[in-house]
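Shown here is one chain on its own, the form predicted on its own, set out as structure tokens.
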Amino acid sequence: MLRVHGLACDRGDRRLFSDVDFSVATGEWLQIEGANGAGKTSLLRILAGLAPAAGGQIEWDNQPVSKVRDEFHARLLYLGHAATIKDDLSALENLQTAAAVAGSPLEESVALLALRRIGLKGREDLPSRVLSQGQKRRVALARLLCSQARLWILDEPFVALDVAAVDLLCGILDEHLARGGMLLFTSHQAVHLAGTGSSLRLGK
């Protein structure tokens, strides 16, 4: 269970949001909504431990994250809005490098299966600089297929994807939820996921 109490965020002298409360349990998803500048990305970055909150508390399995930080981060996968793909590396090398940085070395056979399922068959060894923006996005999303994390936090995961890729990603997310995973994400488009879901709008 992820539970948030009274979370607040400041950007400079401006308060983006305050008194944010929600919880996400096994098999559940939460979509964060709001206008540009409402603080959607900031909220996800705070949850992922990449930015400080101006107030409030985040709990993981009924413990403050501050007390179980290592365990929480071990259970977490965060994918930001930017693809964060290194152009000099191939899709395969990017996937394996990301796994190594996260402390979970990835076998080449597993990485190749993930890249092929995400729609990059035949492009696994190409320099990422020659890939389209949509293909680069698929490289980043292939990390989902290699992850054992319980909590996925995804910032605009459907950006730059065509209709077929959106359907494919929804299927991957549904599988994660069916396995007892949890999901938080932002999206400017309507998506249909299985499991128990709800939405939270910032900047009401």
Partner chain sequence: MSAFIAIVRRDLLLAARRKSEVFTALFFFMIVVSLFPLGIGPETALLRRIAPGVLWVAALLAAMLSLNRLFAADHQDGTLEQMALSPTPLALLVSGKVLAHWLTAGLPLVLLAPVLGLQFDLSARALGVLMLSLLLGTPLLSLIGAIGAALTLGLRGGGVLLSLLVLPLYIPALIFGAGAVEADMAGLGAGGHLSLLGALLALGVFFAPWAATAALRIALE
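Residue numbers count along the first chain shown, from 1. Values in this document were obtained by computation on a predicted structure and should not be read as measured data.
There is also a form predicted together with the partner chain; it is not shown, and the following applies to it.
Of the residues given (54, 159, 48, 170), 48 alone sits with a heavy atom within 4.5 Å of the partner chain in the model of the complex. Put simply, residue 131 is far from the partner chain in the model of the complex: not one heavy atom of it is within 4.5 Å.
When the partner chain is considered in the model of the complex, residue 89 lines it closely, a heavy atom lying within 4.5 Å.
In the model of the complex, residue 102 approaches the partner chain with a heavy atom inside 4.5 Å. Among residues of the shown chain, residue 123 is not one whose heavy atoms approach the partner chain to within 4.5 Å in the model of the complex.
Residues are counted as partner-facing when one of their heavy atoms sits within 4.5 Å of the partner chain in the model of the complex; in 128-153 only 143 qualifies.
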